[in-house]
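Two versions of one and the same chain are coming, encoded as structure tokens; call them structure 1 and structure 2.
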Structure 1
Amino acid sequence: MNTQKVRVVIIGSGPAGLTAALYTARAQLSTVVITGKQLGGQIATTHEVENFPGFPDGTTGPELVEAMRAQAEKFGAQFAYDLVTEVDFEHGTPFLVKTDSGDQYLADTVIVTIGANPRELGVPGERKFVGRGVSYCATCDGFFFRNKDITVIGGGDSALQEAIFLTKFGKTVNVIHRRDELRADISLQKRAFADPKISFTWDTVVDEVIGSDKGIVQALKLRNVKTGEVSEKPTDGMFVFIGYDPNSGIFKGQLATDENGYVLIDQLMRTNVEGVYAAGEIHDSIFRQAITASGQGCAAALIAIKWLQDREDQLQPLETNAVAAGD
């Protein structure tokens, strides 16, 4: 078991985490980014990115992530390609962060940017065609479905908001819902029902996503939950909006969250634990954009830097190998 003492541990490696790492490393603070399952998080699976400032011709998710990683690494940020399995925030700083590999870190401050994952349908073909006709973000990918037939899955506020947004691009937008009435706000329902581009398929679930020989979505296999009737619906794209799950489980009982599991912060990105900050989709259930996550990562890093500067004479030397109290 290896225990490393650092000034900053960043949990998560999406745009929020990579931006935070750039700022803390540039401030000459020893910084370790624990990447999670995939460097870059959700944005790393996005084939085309056209709404991140500074790329007039667009870029890809992997290219954007690699550029952000290289910039943070240039200033000294270290990357641990590992999973966080346990944290101890209850005994104060330095905070103990344990990983799947057995390595652990003592961090004077922690920035949590572990994100949230869109709920998937969990049907055959869904994961295979992510970025090739299956999407979980209309703002990110709607532009690529101009004059196409689009299918939206869901019946809540997000599903209708995104369906309405997608009418700016799609030729048609069909909303598939497993019930015979929507859960969305009445005002959203009125707007959707009044839009000539939007239609509804009730009491229906998707059983399979079917692709073409070109490797893109071609159709959906549907099943009526009341009659059991199975049908195949041609479509150019499927947008899934059935909710998000913040990755806050490992902080349960330590970081305050709302009823949906999103970490609660104040306007300075501070959690309920002094010295622990949060940025990106681990707390943001509204915007969910790479650029807003980056801005929040910057803000969290700046506040963390100030917090460390104010306590500089209280910090343990970095060569300390002792484990935190309570371990």
Structure 2
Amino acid sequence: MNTQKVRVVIIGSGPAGLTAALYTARAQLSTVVITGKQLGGQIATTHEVENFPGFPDGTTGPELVEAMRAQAEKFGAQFAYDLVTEVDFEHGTPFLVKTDSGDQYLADTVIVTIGANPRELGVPGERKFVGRGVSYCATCDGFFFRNKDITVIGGGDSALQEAIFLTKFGKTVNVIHRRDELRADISLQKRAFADPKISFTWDTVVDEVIGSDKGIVQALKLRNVKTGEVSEKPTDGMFVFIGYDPNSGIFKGQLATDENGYVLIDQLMRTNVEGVYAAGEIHDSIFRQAITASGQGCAAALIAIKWLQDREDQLQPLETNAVAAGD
């Protein structure tokens, strides 16, 4: 087990974390990004990114993530492909950050950019058939549904964007939405309505995922919320895009959150713990764009840099890097 002392630990590696890393590393501050399970976070599983400025022909999530990672690394950011398991924000700076591998970090500042996870429907059969017809990632699993009948749940940007993507694979894509009006951006709505492979089922929710004897999804039990009518709809796969929940569990009791678990920050990206900042979907339930997350990551980094500069003479030197456990 190693304990590394650094000026900045960034928890999470989505656009917010990678942008924050670029700024703190470029400011000559030793920076470690603890990536989490997936380098790049949610955007890494997005096939088509058309609205990140600088790419007139669009780009892909993985390409964008790799470019951001390389740019931060060029200025000296280090990447730990690890999961944060525990933090100690209660005893002030330097903050202790523990990871799954056993490595731990003592950080003068922490920028929390750990994002959010796809929300589940919470209906019988859903968990049982994850990976066997139930998915939360079209980029990851779309390929397995070539020439199949696909169902998408949700009425927001994610549902429509991924439904359009899934038409590359599926024979048909049926979007089931609990209301008769979509939440998604109007341009996505136009594209989806114009796509001959996409159909919509309105005012309807899924009550159960039904599997075949082979243990794969076969049908969905549906209920029309207006008429109460119950039906069974055959399908080969269900992709769920009904929003996201913030990953704030590991900070419970240490960082203040709202009732939905979003970390509370002030206008300067500061959490309730001095020296700990948050950016991206861990605090933002409104904008949730790669570019807004990047902007927030930049802002959090600038405030962290200023905070460190103001305390330069009080900071401990970093020569004790990689001290053995127990030191």
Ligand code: NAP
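When a residue number appears, read it as a position in the sequence of structure 1, where counting begins at 1. Here the rigid core means the biggest group of C-alpha atoms that line up within 1.5 Å when the two forms are laid on top of each other. All values derive from a computational prediction rather than experimental measurement.
In this comparison, the chain shown as structure 1 is the form predicted on its own. Picking from 215, 117, 274, 28, the hinge for the rigid motion between the two structures turns out to be 117. Two rigid parts account for the change between the two structures, and C-alpha superpositions put the rotation of the smaller relative to the larger at 57 degrees.
The shift recorded for the CA atom of residue 223 between the two structures is 6.5 Å, with superposition on the rigid core.
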